[in-house]
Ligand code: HEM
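Only one chain is shown below, in structure tokens, and it's the form predicted on its own.
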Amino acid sequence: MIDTSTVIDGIHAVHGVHDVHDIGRLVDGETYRHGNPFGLWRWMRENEPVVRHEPGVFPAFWSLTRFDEVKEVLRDAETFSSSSGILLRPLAQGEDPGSNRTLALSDPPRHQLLRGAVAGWFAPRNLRRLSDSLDSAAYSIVRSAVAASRIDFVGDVAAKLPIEVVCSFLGVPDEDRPSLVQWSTDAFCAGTAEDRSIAHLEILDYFGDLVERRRATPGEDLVSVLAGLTHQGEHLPVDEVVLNCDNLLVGGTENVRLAMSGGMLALLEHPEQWALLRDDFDTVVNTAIDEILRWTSSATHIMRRATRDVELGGRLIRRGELVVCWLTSANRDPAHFPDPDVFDVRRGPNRHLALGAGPHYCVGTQLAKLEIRAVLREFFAQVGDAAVDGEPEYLDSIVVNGLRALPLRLTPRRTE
């Protein structure tokens, strides 16, 4: 079994990251390019589980690294507000444009309005109808990957199924989907910040046009639902509908892509876990998916703003101060996860926080799990052998945790 904590600490040493007490590393993208700072998070959980960062490039904020405090914040939407932003942003960027306007960045009652509009699309009855199309799409995606032999698992497999599903929900015409796939990939995986920004603007422009078309001619899709949504007797402004479409595209594709990619790498790095899942798939797959979500914790952090003075972990958080919940750290807290640095596809119970908690718990959780299941099932059905075929490349983001690229060599499974 690979001791991940030792590996990651060794990587940091090679790249000159020696001081485990340097909490400023948490907001340095270079830290994440070489793997998450598990050693730093361990030290913070044990010594400074609630600690204040002074302002600099980012505004002042409090870091939370233990499971209990993180869960308390996520569950208490009245004390810890989402409406002014849920991600750390450099001071120079100003306020998040989605503040109090999107599902993720809103408090009651607006949050209930938006959640009510989309929740039905992720209800079990709708997901059951999707099951066959999910399986068919996963079959085709994996079949193409096996035929290619050498692939980037991130772009060639993990990114494809979630964006197809979300585009279907949003009513994106088939002919437009290749562009959305490319823009979505570039928005998070392009080599430069400028390229990522340009791709994101392309997405916003596209949905601006699509919303106008759906208002003129509604269809049976989620864009039409949002475009027709009214609040206090008036339609939501077009830019709010666009931001929510963007939010659904990002939330519905990014986390699944990262979890699926990180999960595949974990399985390949732990061949005994690969064998357990392959040989007893239907029995093990549910716990395996939750372990993949815990292990990858693709949303590195979630931020809230205190609406009143409150004590957390023995520290006084003042009204108006920002609180950053490091989900990846909370999901490695040994107080809740025995042997947290061990990847165990049979782990249970596994009450991780990878998809949040409380009122903002991810509305697409069950869909995300179905997508991961469909791809894993086809991978074991069609692939005889898989091996990492080059150096995995990590994102340099403090927002999302995971792989930019995962080169693999695949051998088809022999049929008797």
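This structure is a prediction, so every number in the text was calculated from the model and none was measured. Heads up: residue numbers just count along the shown sequence, starting at 1.
Beyond the structure shown, there is the form predicted in complex with this ligand, which is absent from this document and is the topic of what follows.
- Contact with this ligand in the model of the complex holds for none of Met264, Val375 and Pro407, as no heavy atom of theirs lies within 4.5 Å.
- Note on contacts: among Ala386, Leu26, Met44, Leu355, the single residue with a heavy atom within 4.5 Å of this ligand in the model of the complex is Leu355.
- Proximity to this ligand in the model of the complex, defined as a heavy atom within 4.5 Å, holds among Leu161, Ile302, Val223, Leu236 only for Ile302.
- Across the options 250-258, 176-184, 209-217, 314-322, residues that bring heavy atoms within 4.5 Å of this ligand in the model of the complex belong to 250-258.
- At a distance threshold of 4.5 angstroms between non-hydrogen atoms, His111 is in contact with this ligand in the model of the complex.
- In the model of the complex, this ligand lies within 4.5 Å of some heavy atom of Arg115.
- When contacts are judged by a 4.5 Å heavy atom cut-off, Val363 counts as touching this ligand in the model of the complex.
- Contact check for Val242: no non-hydrogen atom falls within 4.5 Å of this ligand in the model of the complex.
- Contact annotation for 286-300: residues with any non-hydrogen atom within 4.5 angstroms of this ligand in the model of the complex are Leu293, Ser298, Ala299, listed in sequence order.
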